[in-house]
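Next comes just one chain, in structure tokens: the form predicted alone.
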Amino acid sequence: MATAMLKYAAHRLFWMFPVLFGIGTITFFLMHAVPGGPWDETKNLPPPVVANLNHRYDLDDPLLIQYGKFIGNAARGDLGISYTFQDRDVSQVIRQGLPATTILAGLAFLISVGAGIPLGMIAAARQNTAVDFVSIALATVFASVPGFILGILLIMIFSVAWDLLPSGGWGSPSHVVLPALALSLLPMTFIARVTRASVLEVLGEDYVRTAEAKGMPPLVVHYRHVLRNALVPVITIIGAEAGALLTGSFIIETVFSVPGIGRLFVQGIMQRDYGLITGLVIFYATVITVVNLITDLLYAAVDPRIRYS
């Protein structure tokens, strides 16, 4: 089993490089096809200055030559220079913003999983009761409201009305609370709904009824027999949401002024920073690929009947 899993993981990691190559290629040509350039936001630059900047960063080379240099540098792990942060390369910019994004996404992940799975189990155990109806209603509301709207509402309530938490910034634990809540509510509802549906399906199985007929406590039945067998679809959604939390916090980081890579990505788009955008897209693609691989490997840990080939 372990050998098959290692072969499967090695096979997936091998194919990750062609995928990243394709994503990097598509992003490179799409960014250069967008009208404008990285110096458009710098007002009133004389044409000689723009020409010197283009020459300094090889932007006056033919597009295919620029692409060849980009691929060659990326193969060595060099993602190029950021035109917005001209004193740092893209790798340095990512390393600078990654800690804030990791902390924010990690806390949001803990909230969404720690609250979503119990809520889904409680709703399934109390099917067609007031608890079930309330949980479904809350899940529908949070799934329907965009994250930036939730963020603004949280700021209005906890920062403006009650003055309990800061409305933005970074540097103390209190700064993480509101953006983590705003980022976690949507994935929490998805996890709760998938957990509820999966648990309801498992509750009708014969082995569950047998365990209940033997007089086992309901808590033992639910956590030893029901939850373990209901986790496969839940792990799928958790893996997807884990990647989304780490790579999809653009708006939340912007709303709460969090100095993470999501906010840097938005700045790169606004500044047409080819190097920063392409480098971040490759980084995001790597994260999503690795998270998907980890998710697939967890299936066998939850359900030993799953085999890898």
Partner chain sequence: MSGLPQSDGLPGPRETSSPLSNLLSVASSWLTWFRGSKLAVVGGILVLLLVVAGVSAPLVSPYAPERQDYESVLASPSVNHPLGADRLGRDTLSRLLHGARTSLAVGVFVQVVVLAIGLPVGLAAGFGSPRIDNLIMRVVDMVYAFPDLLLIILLRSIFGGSLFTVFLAIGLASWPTIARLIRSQALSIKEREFILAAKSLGCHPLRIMLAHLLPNAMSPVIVAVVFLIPRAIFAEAALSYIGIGVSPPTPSWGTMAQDGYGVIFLSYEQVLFPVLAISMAMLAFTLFGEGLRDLLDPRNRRR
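Everything numeric in this text was worked out from a predicted model, so none of it was measured. Numbering follows the first chain given and starts at 1.
Below, we refer to the form predicted together with the partner chain, which is not included among the displayed structures.
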Partner proximity in the model of the complex: L64 to the partner chain, non-hydrogen atom cutoff 4.5 Å: no
I251 within 4.5 Å of the partner chain in the model of the complex, heavy atoms: yes
Contact of V19 with the partner chain in the model of the complex (heavy atom, 4.5 Å): yes
Close approach of D132 to the partner chain in the model of the complex, 4.5 Å, heavy atom: yes
Full three-residue contact with the partner chain in the model of the complex, heavy atom 4.5 Å, for I26, S159 and E201: yes
Stretch in contact, per heavy atom within 4.5 angstroms of the partner chain in the model of the complex, of 73 to 81, 134 to 142, 98 to 106, 231 to 239: 134 to 142
Residues within stretch 193 to 208 having a non-hydrogen atom within 4.5 Å of the partner chain in the model of the complex: R193, R196, A197, L200, E201
